[in-house]
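Here's a solo chain for you in structure tokens, the form predicted on its own.
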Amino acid sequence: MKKILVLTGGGDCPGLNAVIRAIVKRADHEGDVEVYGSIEAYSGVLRAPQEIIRLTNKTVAGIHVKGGTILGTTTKSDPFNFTITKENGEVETIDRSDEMVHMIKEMGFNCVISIGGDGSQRISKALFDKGMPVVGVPKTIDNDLSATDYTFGFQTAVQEATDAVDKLVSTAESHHRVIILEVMGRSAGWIALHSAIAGGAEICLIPEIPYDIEAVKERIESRYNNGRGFVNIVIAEGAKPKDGSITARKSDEAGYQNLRLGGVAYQLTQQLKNVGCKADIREMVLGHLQRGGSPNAFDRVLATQYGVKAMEMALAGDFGKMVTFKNNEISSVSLEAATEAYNNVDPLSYLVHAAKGIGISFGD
């Protein structure tokens, strides 16, 4: 009997449950494969008592339509920097990677299927180098893994952002306002770019094209005549002005390694006021609405394909690789190749060209 362990790490994302379901249902065809799930990524294995559950067809029935993940997820379970709380209440991080690899082998797991984004797959690569059999599945709303054309969750996040732009257009027009919508994406502007095009925004500010605040002001003013007019701006949370820096702060959460982005919409408002923009401005930070809810049809289909492929790779012993979607084909690449480059928006791409072609300003 083969044993496969599944875990979901990093931020939550629409489509996680669809991957889990596909893994379990594909394993059921074999007859000699048992699938287990580790609660909250690697934490389920490293905690005492352990939190590992059996996954069966009954467990995963109908979960592909649900957001989130039945296994739970966290950004604080990196075995190389695992957070522990001492008896005196002090929190520290320790390296438990060797222990993790040993426990997987001792428990008889033939493979770990790690569903996660850039950070999760870097952890997968490091654990594979230590001898743990692992297969990666790319997950992130940011679409920032360069080895695959799309990560599941991205299209659903874009739809949520586009719905927000659609609604904000009408209120901006009614009040003759500038409305700034801040969307997620960290250092990649994919969500902002796609939703700005789909929603018909006038201005799109992304990390890959630092903006000139004077150019943004000029575009706004061109939309007004005797106080009448309106402007919708979509700004990625990682956007920054020329010669400026991102709007972020270090987290005070124990075990959380990333900078916490957010608030760039309010920063942009202040910058516009500082250069004399007279328009009435409002801001909306879409935040975690982009992560929640049911995955759309595209992400359900993509996630299902990823899950089936991941199980087949696990059964074949094709470890140290991540499933990919390239040129409409499901394939795989090494975890090293999967994480060696960040998937940024190319300012010279046809998508940016098309956006400029319909009049969207990037503030450059």
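Don't overthink the numbering: it's just position in the shown sequence, from 1. Owing to the predicted nature of the structure, the values given are computational and were not obtained by experimental measurement.
Below, we refer to the form predicted together with another copy of the chain, which is not included among the displayed structures.
For the residues M100, A164, L272, A279, the 4.5 Å heavy atom test against another copy of the chain in the model of the complex is passed only by A164. Proximity to another copy of the chain in the model of the complex, defined as a heavy atom within 4.5 Å, holds among K217, R96, R177, K240 only for R177. Remark: none of the three candidate residues (S146, Y342 and D364) comes within 4.5 Å of another copy of the chain in the model of the complex, counting heavy atoms only. Taking non-hydrogen atoms only, L289 approaches another copy of the chain to within 4.5 angstroms in the model of the complex. Contact check for I330: a non-hydrogen atom falls within 4.5 Å of another copy of the chain in the model of the complex. Although the partner is absent from this view, V134 stays clear of another copy of the chain in the model of the complex, with no non-hydrogen atom inside 4.5 angstroms. Within this chain, V65 lines the site of another copy of the chain in the model of the complex, having a heavy atom no more than 4.5 Å away. Remark: of stretches 101-109, 87-95, 114-122, 166-174, the one touching another copy of the chain in the model of the complex is 166-174 (heavy atom within 4.5 Å). Residues from 12-32 that approach another copy of the chain in the model of the complex with a non-hydrogen atom closer than or equal to 4.5 Å are D12, R21, A22, K25, R26, H29, in the order they occur in the chain.
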